[in-house]
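A single chain, nothing else alongside it, follows as structure tokens in the form predicted on its own.
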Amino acid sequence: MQQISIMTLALSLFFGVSQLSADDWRQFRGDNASGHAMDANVPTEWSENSQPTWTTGLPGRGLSCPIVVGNRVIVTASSGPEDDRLHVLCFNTNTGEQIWKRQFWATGNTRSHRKMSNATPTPVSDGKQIYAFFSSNDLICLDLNGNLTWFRGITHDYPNASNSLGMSSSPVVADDTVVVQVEADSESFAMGLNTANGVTRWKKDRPRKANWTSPVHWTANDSDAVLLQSSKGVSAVEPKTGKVIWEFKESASTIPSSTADESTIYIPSKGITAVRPNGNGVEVLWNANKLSPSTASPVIANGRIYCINRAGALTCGNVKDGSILWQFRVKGPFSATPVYANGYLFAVNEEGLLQVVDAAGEKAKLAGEYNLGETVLSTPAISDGALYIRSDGKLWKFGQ
């Protein structure tokens, strides 16, 4: 761990609370849920001699991604024989020093597939509070200093909303409402909760089928909507009321989530289907079955869409028509979604091999590799010129 003076640490902690950065990464796949960071300073030269800026140990496993708010990086974990101890941890981005940690007991079902854990959903922040969601359907709201604002054990109200493999949907925040998808075979719904107190604003029944996709908050074309994806398609709802604005009623994936840009939504449906809202409905722009994500969600950047399957086939398409621009093979298998910055894709496979792909040209090429030597199932985060990666046992920072 790097050493730092007490005065420098105190100042960095102060500014971490009082100032929020435009480079924040506050939710799964970044603030716009596209996996694209507008950051030109992320290191792109990697080799076996590369060194992390810092690493810090974690008290339990998790597939949840780190989020960054100002000078703070927050991550969740779960531990214990029953995977019922819930951890929310906050570290200083400059030093890796732990600022605070909080522990809670799960109130819902903690069983999951051995590959998953209770800390599978990624937390989300609105810059004022942190909303940490767990597979046990426990939703914990903390302020940036780690003080508990409220705790909602959703399984207490809806005991059948769980599945034997574990839940993984990550929440989003929109219009002072935190939206969660709790979708399973026996009881399935989405709900919006008041960010101030955790009280339910709305609850909507959803298709009764296990679903691991995450909602997307989409603001474009004067539209403010939360996109809810399931096997039955995608529903766009008003964040504060849950009222359905429009629906795409073709079948969609239950694992990789939709991605959107300023005008178009790219749905994992029969490959990728691009749609655009049109009045009270949607217009299908194109479908490309060769763009076929499996576990990792698609990434949108600079007029291109990138999809990677579990085996490591990386495909790049044109967002205008879905035409294939190139294909490239990286070493799999993959669970984590790649992230993009400055023309490069950062893809970490399940064995902890980070592969950096120069992805902006007519053909892709491997720019570098770095082996973390630990299992990685979590999507990285990018903030302020740095890449954050969470492995089974550690949190890593690379870059300035």
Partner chain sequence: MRSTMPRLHGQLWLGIALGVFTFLLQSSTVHADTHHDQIEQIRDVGSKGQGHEQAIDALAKLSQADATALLPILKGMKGANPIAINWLRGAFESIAARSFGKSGPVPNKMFADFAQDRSHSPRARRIAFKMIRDDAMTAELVPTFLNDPSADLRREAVAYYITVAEKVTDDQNQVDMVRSIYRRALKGAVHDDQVKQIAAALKALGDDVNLQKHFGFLPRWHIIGPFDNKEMKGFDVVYPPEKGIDLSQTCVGQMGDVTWQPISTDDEYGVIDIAMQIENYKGSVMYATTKFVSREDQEVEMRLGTPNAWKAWINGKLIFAREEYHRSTGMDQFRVKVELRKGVNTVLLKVLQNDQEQNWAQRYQFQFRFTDEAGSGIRPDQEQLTLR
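Residue numbers count along the first chain shown, from 1. This one's a predicted model, so the numbers in the text were calculated from it and none came from an experiment.
Not on display, but discussed next: the form predicted in complex with its partner chain.
Undergrad: From the list 318, 147, 278, 327, which entry has a heavy atom within 4.5 Å of its partner chain in the model of the complex?
TA: By the 4.5 Å heavy-atom cutoff, the listed residue in contact is 147.
Undergrad: Taking 4.5 Å between heavy atoms as the contact cutoff, choose which of 270, 249, 128, 101 touches its partner chain in the model of the complex.
TA: If I apply the 4.5 Å criterion carefully, the residue I get is 101.
Undergrad: 335, 337 and 400 - do all three of these have some heavy atom no more than 4.5 Å from its partner chain in the model of the complex?
TA: Answer is no for this spot.
Undergrad: Check residue 176 for me: does it contact its partner chain in the model of the complex (non-hydrogen atoms, 4.5 angstroms)?
TA: Residue 176 lies outside the contact set for its partner chain.
Undergrad: Might residue 162 be said to contact its partner chain in the model of the complex, defining contact as any heavy atom within 4.5 Å?
TA: Yes, residue 162 lies within 4.5 Å of its partner chain in the model of the complex.
Undergrad: Taking heavy atoms only, is residue 219 within 4.5 angstroms of its partner chain in the model of the complex?
TA: Residue 219: no, not in contact with its partner chain in the model of the complex.
Undergrad: Although its partner chain is absent from this view, report whether residue 224 comes within 4.5 Å of it in the model of the complex, heavy atoms only.
TA: So residue 224 does not count as contacting its partner chain.
Undergrad: Given a 4.5 Å cut-off on heavy atoms, tell me which of 203-211, 256-264, 68-76, 233-241 is the interface stretch with its partner chain in the model of the complex.
TA: Selected range: 203-211.
Undergrad: Scan 73-89 and write down, in order along the chain, each residue with a heavy atom lying within 4.5 Å of its partner chain in the model of the complex.
TA: Stretch hits, in order: 81, 82, 84, 85.
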